[in-house]
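A lone chain, given as structure tokens: the form predicted alone.
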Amino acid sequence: MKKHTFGIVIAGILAVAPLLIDNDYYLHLMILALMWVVIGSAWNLLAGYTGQVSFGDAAFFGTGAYTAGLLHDHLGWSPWWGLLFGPITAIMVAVPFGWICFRLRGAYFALATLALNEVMRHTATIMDGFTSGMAGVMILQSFTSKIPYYYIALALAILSVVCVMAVMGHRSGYYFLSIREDQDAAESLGIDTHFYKMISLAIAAGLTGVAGALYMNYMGFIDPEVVFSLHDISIMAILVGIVGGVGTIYGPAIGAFVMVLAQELFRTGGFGVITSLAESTGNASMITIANNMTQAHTLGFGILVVLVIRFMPNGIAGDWEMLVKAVTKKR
């Protein structure tokens, strides 16, 4: 219990945050960050704990999102049923893929997950009679306030962290770690590595599918380019894990908030500060900086990852004690 004090305190703070934040913009950012906690935790279970680096999160995210939207479009069901059926359909995509591709190792498996993303994106695009193709799927949002979405996202984020914690405390978690450290040695000890990699993938896909269903309900619109995006979903999931701390329980949660903040910092030109300065001063150099900054979030992500790898190779959570010591020493 003592070692989870940090997580309990943060969950408590997040629970009362809407009472203190009366601004839809900041609530929107927090909802996105909480969604990324779910996706990052899922990726961390598969890649961080089981050692199977994946670029396929977009495939499972998009499957969950489309499940929620298509249940509404074709059956007239509430898109909130996607929170139940989204993970199921994501697992249905993941299991046959894993059964075939887990015979591959290392970079070959990672490349296979890249292919899965593209297969799902093209499938959603060309099956326009079923998915509406590039026109996308649109639904009416259930709530006008962001607060219900915030608490649903918070509940799913806490559930995902607790789920990973429970799995890693179970015997399966030890098998996952043994596969990550040395798959051949694990097999020599009688561990069915293929089976346990499938279990890890199924749990990860299910969690990512839930996040996709939440996104559909919250945003109200999806198309193949949005929810099956390699850069915006799969790469972002990896960055969340790396920055927060691969193979740590709370790393993805920390990484999610850091990456959403960094993304918005670049997108809005320093939350509007640099853009406002450029407009007020009329300085040509400042205007150029403001324009470039709003388009350079990919470069910013790259710089952030390089700095983390250089100075905190285990991520913020993994090197937290070192970070605290470095700060206190300077004081």
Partner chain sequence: MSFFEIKKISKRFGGVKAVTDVSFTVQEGEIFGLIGPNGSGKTTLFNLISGFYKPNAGSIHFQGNRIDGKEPHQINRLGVARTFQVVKPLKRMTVLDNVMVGAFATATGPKEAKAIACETLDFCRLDHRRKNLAGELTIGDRKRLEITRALATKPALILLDETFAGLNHAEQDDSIKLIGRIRDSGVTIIIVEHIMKVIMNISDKVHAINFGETMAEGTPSKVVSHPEVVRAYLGEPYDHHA
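Numbering follows the first chain given and starts at 1. All figures in this text were calculated on a predicted structure; none of them were measured in a lab.
From this point on, the text means the form predicted together with its partner chain, which you will not see here.
Although the partner is absent here, His231 lies well away from its partner chain in the model of the complex, with no heavy atom inside 4.5 Å. The closest heavy atom approach of Gly129 to its partner chain in the model of the complex falls outside 4.5 Å. For the chain shown alone, Tyr175 is a contact residue for its partner chain in the model of the complex, at least one non-hydrogen atom being within 4.5 angstroms. Its partner chain is not shown here, and in the model of the complex it never comes within 4.5 Å of any heavy atom of Gly76. Note on the interface: of 165 to 173, 147 to 155, 231 to 239, 249 to 257, the segment with non-hydrogen atoms within 4.5 angstroms of its partner chain in the model of the complex is 165 to 173. Of the candidates Leu111, Met138, Val119, Ala185, Ala185 is the one whose heavy atoms come within 4.5 Å of its partner chain in the model of the complex; the others do not. Counting a residue when any of its non-hydrogen atoms is within 4.5 Å of its partner chain in the model of the complex, there are no hits in 16 to 40.
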